[in-house]
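One chain comes next, on its own, written out as C-alpha cells in the form predicted on its own.
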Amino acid sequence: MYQISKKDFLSGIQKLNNDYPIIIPTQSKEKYYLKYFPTESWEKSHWLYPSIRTPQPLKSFYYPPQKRVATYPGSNNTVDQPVPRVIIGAKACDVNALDIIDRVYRNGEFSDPDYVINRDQNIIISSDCLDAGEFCACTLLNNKPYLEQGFDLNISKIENDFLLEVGSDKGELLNQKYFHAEKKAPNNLVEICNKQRQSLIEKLSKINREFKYYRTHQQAIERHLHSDEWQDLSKTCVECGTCTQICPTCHCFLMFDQPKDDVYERLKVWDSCFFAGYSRMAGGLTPRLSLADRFKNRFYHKFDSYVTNFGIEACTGCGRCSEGCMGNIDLRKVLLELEKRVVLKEIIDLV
C-alpha cells in the first residue's frame, strides 16, 4: 500500500481525464450516482468519496441497457465500438459482480465481444466502503465490503489521506504515470485501515444478525423446487422487474429489429425473467406462465443452477433488489424463510 494525499490523488484523476473519459460517483442534493465525464470535462469540485455503493449498478458501463449491435442490409455497418474508460470509486459488490458475469459473457461458449472489450480496456479504481445501508449483505453472501482482487487500483480513505493499493500490472503503470504514489503507507495508517474494515464487517454482522443460515441456499431451494411455497413468498410481487434491472449480476437480454431510415437495426436491450413474455417460445407456449414460477426461477438461477454450472452464487449481497422492491420483498428474508420451511417440513416428516 502507498500513502497519497487527497490533493495528489485528485490531481491524478485530473491527469487521467486528459487521456480517458471517466465514470465517477457524484452528488446532486441528497442523491448520488455514477456519472460519465467525457475527456477533459471533470472538475475537482465533482469529487465525492462514496461511503457505500451507488444505487446504479456498475454493469451498465459494461453492457448498456440498450445498444445497437448490427444494421442491415448492406455491409456498411456503423455499430459503435467500446472505448476505454476509467471507473473510479466502484465498490466490492459491483466489481465482484463482474467476475460472476464473466462466466457467461466472457468465458462462456459464446462470448459477448463488446463486453470482453470493455473488460479488457476499462480501468477500475475501486474504493473501500466506509458505511453500510439497511439492506447491505455482502458478508452474508461470503463477500467483504472491500476488495482483495479484481481491481487495478484501490483506494481506502484514512482521515484526509488515502491508501492506494496496486492490484494489477495496469494499475502499476497508472500509478507511475498519473498518481506518482511512492511513499509506502506507514504501519499506523495500515492499522487504521484494517480497523475500519473490521469495524464495518462487525456493523454488517449486526445489520444481518437475524439472518442465520445453517445449510447452503442451494440445498434449501432444491427442497422447494416443486413446492407451493413460492406462491406465498411472491404474493406481494408486482412484476415490475426492478430487482433484475438494478441487480449487478443479472444479465438477461433481448434482441429485436426495427426500421431505421432505409435500413433495419438490431438492438440488444436488458430483459427480465420476471416478465411474462420472457420465456415465451415461437409457438406461443410460455413454460413459466405464473408469477410464482418466475419468482422461483430467479432464486433458482442465482443460488442453485449458477452454483451447479459455475461453482459460485450469482449474488454479491449489494441489497439493491430489496431496497428497490415495490412489494417490500427482502431477498434475505426469502432465503431464510425457505430454510425455515425446510426445517419445519423435516420435523413434520419425522413426526
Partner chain sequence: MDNLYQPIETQVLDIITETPTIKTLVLKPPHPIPFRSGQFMQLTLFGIGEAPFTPSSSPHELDTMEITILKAGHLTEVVHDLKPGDRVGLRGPFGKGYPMKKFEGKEILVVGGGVGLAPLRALLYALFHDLNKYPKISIKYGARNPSELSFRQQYEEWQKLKNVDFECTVDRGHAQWEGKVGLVTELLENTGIDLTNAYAVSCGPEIMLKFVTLKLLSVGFKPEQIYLSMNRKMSCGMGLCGRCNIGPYYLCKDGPDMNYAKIQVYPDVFG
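What you see is a predicted model; the values in this text were computed from it and never measured. Residue numbers count along the first chain shown, from 1.
Not on display, but discussed next: the form predicted together with the partner chain.
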query	finding
One residue of 180, 215, 197, 266 in contact with the partner chain, assessed in the model of the complex (non-hydrogen atom, 4.5 angstroms)	266
Answer option from 219, 279, 121, 168, heavy atom within 4.5 Å of the partner chain in the model of the complex	279
4.5 Å heavy atom contact, residue 105 to the partner chain in the model of the complex	yes
Exercise: residue 59 in contact with the partner chain in the model of the complex, heavy atom 4.5 Å	no
Residue 47 within 4.5 Å of the partner chain in the model of the complex, heavy atoms	no
Contact label in the model of the complex: residue 253 to the partner chain, heavy atom within 4.5 Å	yes
Proximity to the partner chain in the model of the complex (heavy atom, within 4.5 Å), stretch among 188-196, 137-145, 92-100, 219-227	219-227
Partner contacts in the model of the complex for 301-320 (non-hydrogen atom within 4.5 angstroms of the partner chain)	301, 305, 308, 309
